[in-house]
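Presented as structure tokens, the chain that follows is alone, the form predicted on its own.
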Amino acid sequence: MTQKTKTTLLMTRRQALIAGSAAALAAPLYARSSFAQSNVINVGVIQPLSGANAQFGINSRNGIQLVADEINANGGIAALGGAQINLVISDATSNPTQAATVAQRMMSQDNVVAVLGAFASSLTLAISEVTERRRVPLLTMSFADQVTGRGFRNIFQVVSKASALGGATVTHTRDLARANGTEISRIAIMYEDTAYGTAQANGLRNSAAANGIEVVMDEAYPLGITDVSPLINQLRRTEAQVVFPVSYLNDSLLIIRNMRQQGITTPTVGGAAGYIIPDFRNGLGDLSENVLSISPAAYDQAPDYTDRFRDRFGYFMVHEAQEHAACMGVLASALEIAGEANPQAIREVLASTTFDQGWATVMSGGRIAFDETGLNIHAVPMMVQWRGDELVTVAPSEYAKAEAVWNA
């Protein structure tokens, strides 16, 4: 298929809630949802359901489960005779080797038409080596530039790549500071040293140079660091006007807590991941107030959809759940268009279609279309800020739901 196609996936709020209350969560490690119908479509889900990134994986699984249940409650895939979505869920255990192993097992045993996953870029990169060899589409919200930078034909990245997120982090911050009468000229960068952190830090660095901003601290640290005191002590010795930490949850809690306990009130702008989930607020309490972060998507942009997640799971729809939900919605639409549960037919639809209905609209930019590398060309990095127990979009201006609080 070469012509861009628009698809519609209709569902009512009432049906979604019925589906949400009826469905059971899939168990960790390796599980299959069971259906009475024999007409099912197996969709692989690989997430870190244990280990350091388990909460992100659980959030991601919840987003996928919500949409799959809605699809099934609304009659399944109509073009395939009402076929039901059957999620084959596997635990990557926050380990790239394990992620590749379970992906290989899915390819060999489960006849999956596509794979969704796997939050952390290091896991997704490992999985993609398997799916590319098997010519099975992999839909992901992982950030790293390498995800769509290796010439693979079967990978589709619904979010902005990490370097673009890093670049937007600097420009959004500059604009927010200027709106409050401050010109940013010196910044500090600290980042965890996996594919996600290094790519995003590179975007921060390049954007700072392009905007004439001096980077007065530029430090990598190992993922899962237990003592951030050297980083914070180094930050204290700089005259940075803003600090940009790029980290997963445990690291983000340590960094912010250590900064605030030492009286460092420098405006802080996180690199998504650990900075924009409820666990961040729960772990820091009032210390999280007014912390800013870049985000590939924001739940306040599409409340008609994202409130369904809150209703079912009891917390706001975090970005990884939102983006994985979009992946599931796009895959369902691709199945409707392809009219067959064939991975390569699905791949051709994904590569040639603009998805602007249903769950695709929860992504920043309001639609999803992939370029020749598999990158979503409509993705827009958002800046969000903690206000009590909620995140609110504060940039860019056309998407902002409130003015930023700037504590220079």
Partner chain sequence: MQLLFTLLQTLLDGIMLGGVYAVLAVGLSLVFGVMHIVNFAHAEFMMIGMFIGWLCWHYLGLDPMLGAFVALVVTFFFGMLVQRFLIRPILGAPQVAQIFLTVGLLFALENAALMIMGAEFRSVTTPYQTQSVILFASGPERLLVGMDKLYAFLMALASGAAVWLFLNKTRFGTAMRATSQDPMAAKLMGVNTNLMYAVAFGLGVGVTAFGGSVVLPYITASPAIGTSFAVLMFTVVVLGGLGSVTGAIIGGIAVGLIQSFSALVLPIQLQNLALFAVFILTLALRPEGLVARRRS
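Keep in mind that what you see is a predicted model, and the values were worked out from it rather than measured. Positions refer to the first chain, counted from 1.
The form predicted in complex with the partner chain exists for this protein as well; it is not shown, and the discussion that follows is about that form.
- Only one of 307, 219, 175, 300 lies close to the partner chain in the predicted complex, with a heavy atom inside 4.5 Å, and it is 219.
- Only one of 74, 266, 258, 171 lies close to the partner chain in the predicted complex, with a heavy atom inside 4.5 Å, and it is 258.
- Segments offered: 76 to 84, 249 to 257, 289 to 297, 332 to 340. Contacting the partner chain in the predicted complex at heavy atom distances within 4.5 Å is 249 to 257.
- In the predicted complex, every residue of the candidate spot (193, 229 and 283) has a heavy atom lying within 4.5 Å of the partner chain.
- In the predicted complex, residue 56 approaches the partner chain with a heavy atom inside 4.5 Å.
- In the predicted complex, at least one heavy atom of residue 51 sits within 4.5 Å of the partner chain.
- Interface residue remark: residue 225 is counted as part of the site for the partner chain in the predicted complex, having a heavy atom within 4.5 Å.
- In the predicted complex, at least one heavy atom of residue 234 sits within 4.5 Å of the partner chain.
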